[in-house]
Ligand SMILES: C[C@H](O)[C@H](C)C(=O)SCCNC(=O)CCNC(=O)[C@H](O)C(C)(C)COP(=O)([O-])OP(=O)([O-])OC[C@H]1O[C@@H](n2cnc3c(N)ncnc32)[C@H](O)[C@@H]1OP(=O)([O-])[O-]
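The form predicted on its own is given below as one chain in structure tokens.
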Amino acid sequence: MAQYTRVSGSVGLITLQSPPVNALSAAMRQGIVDMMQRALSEPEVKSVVICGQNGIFCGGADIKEFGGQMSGPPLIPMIHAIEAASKPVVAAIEGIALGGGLELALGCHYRIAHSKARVGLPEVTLGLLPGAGGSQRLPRLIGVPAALDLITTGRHVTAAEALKFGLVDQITDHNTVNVAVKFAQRVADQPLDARRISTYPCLCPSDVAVLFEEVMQRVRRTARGAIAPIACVQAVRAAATLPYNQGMERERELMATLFTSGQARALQYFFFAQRAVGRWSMPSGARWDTSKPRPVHKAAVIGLGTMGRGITVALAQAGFSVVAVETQEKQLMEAKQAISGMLERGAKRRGVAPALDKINYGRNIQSVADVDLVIEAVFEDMALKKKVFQQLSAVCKPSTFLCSNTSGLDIDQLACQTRNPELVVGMHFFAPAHVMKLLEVVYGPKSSPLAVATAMQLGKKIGKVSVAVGNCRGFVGNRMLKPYLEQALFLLEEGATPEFVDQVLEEFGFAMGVFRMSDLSGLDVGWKVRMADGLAMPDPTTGQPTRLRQGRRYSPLGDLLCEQGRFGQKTGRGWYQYDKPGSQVAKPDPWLHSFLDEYRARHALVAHRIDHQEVLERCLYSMINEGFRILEDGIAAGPEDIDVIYVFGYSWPRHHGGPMFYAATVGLNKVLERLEHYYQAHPDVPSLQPCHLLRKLVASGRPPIQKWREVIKKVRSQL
């Protein structure tokens, strides 16, 4: 796991060898301890260089060890021993030095990094803090404000930024190990007392108490219930106010609390869930490792509204040549300006040149004749999309992949309009498309594994987390969103206010409650869909809005607001009121409260007291129940797929792991019992009726979420 060689006569070179990222497993730690002892014991060796195999220094701890009994040498004493070594130790950082890998480098006396390396302490994203001295050494090396930023966000920084901070001593474009060896030879005889970071005083700004108070307030606001960022602030505060040894003890106490927390389990589950969705499969059994994607060199986007513009930017920024088509002249001019602005702002943030030359604009669909893949992003109307796919099938090469950015329409109907339906898939982006990480890749019954693999690979290349899902109304994300939104409306009918429902959901950890989210998106968007479905129509016999549609309960509240021209932020009125159209500051609206009172009176609805528990249970458990139906139907391969979709696409709080993990955490038997309770109280709401798979999982002894797939297979085989 760690190889030792002597180079240049006097330098002991320790190479970490544990692909793919040289994680600090028990065997790796033992190897480092043994090799350090050897290097220090050899009189010919005057200095030591630690590097990583295959151009990667160290990706940090081996997360797989977190779930069991830790063995091997502990990390903290190992790093302390390196720092206390009598010979200079130089870290040669290539690729990445993350988490424990950076803590290892901080224990070295010098750090040389390749110019393309990245470093960081991302433990907070796993529900932890840097627990091997990182929270104590980093502030002493780079100062409290910079350390707080890196540790509470977990962000990775470039080598150039690390040099600016003083985190590394030198960066190079050449062979990092060779540079580090020569550096180690030069410093071989220099005293080391001034190079041991644990002995440094923690230089704090004069108003350090005010700084920590401001940072804590900001972190509490952005953490939305996550405890790890708060513990990170407390650990850095210990570095700033306590001697090193006492600070280390405080770090240990905080780490012990986090390590066994439910949030850490949720975040570590989600870490592995992200990797699981990359190993997608289809009902045919086709998988990513047997379906080689076809290269895409040139892509096209049809329709340059909000979504089309974002998709164009995402493709161009990733280096693809893009043909952007918009048939309306005015819309095309506006799109050109908007896309250029987005590219220039993005390039400025990243310190690169804007990819303006990657895009060719056109008004004629004929201009996409030679592309490898097309993403259609026209208005969400099936007739219009069918027409576009007919045209694309006639114009494009027979081998061109045809993709639709639909958010819920039937992919199979679009595929039927083409000569090669096996090359048609959905690519459901989320707004803003150049920012949001999620991409639902939707396969229909005719879609080939090749088409799915190509879309998944394209998503990865443009920085998306791609999840393969089956074809149904709303796919996974929007299908589960429907009962969630319905329950929120029913709660208003029964006595709640929009601000109370939103407050409960935001305290749970959502970035935005359901009604603030609706105001931001625009109430008219859903209204048009409901009108197309024949739902947002008055009762033909009474002319009044009906509360029963297709044999089930229906709330017309959103339709009634739209009839008043209340479309949300864009009109300055929606579920909330705003100072002016376009304003983002939502304020409770007395008019809306009166409107709800009148609505309840008109429909003889008796308001009852609705508490936090009822809001959470009805909104979240109805969504979770639909998730189980999706698993039962084979629309998602496993619970991890659903959880990744909801965290990345619908702001589900990551520290709760995702809706399906949350169900496992609170207990499937409890979810079942509460759904049965609410379904008995509301038998006209089918989304509250517990689905067969949920009952089966409870009857099977509530297996851990990692074992659900076995039960799911049995349930599907019986359907």
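Note that residue numbering follows the sequence shown and begins at 1. These figures come from a predicted structure and were not determined experimentally.
There is another form of the same protein, the form predicted together with this ligand; it is not shown, and what comes next is about it.
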- The unique member of 271, 361, 200, 595 whose heavy atoms fall within 4.5 Å of this ligand in the predicted bound form: 271
- Identify which of 23, 705, 13, 698 has a heavy atom within 4.5 Å of this ligand in the predicted bound form; exactly one of them does. 23
- Message: Only one of these stretches, 310-318, 628-636, 91-99, 363-371, has heavy atoms within 4.5 Å of this ligand in the predicted bound form; which one is it?
- Response: 91-99
- Item | Contact flag, residue 132 vs this ligand in the predicted bound form, heavy atom cut 4.5 Å | yes
- Message: Please determine whether residue 27 contacts this ligand in the predicted bound form, using a 4.5 Å cut-off between heavy atoms.
- Response: no
- Query: So, in the predicted bound form, is residue 122 in contact with this ligand at a 4.5 angstroms heavy atom limit?
  - Reply: yes
- Task: Mark residue 653 yes when one of its heavy atoms lies within 4.5 Å of a heavy atom of this ligand in the predicted bound form, and no otherwise.
- Result: no
- Query: What are the residues of 22-60, in order along the chain, with a heavy atom within 4.5 Å of this ligand in the predicted bound form?
  - Reply: 23, 59, 60
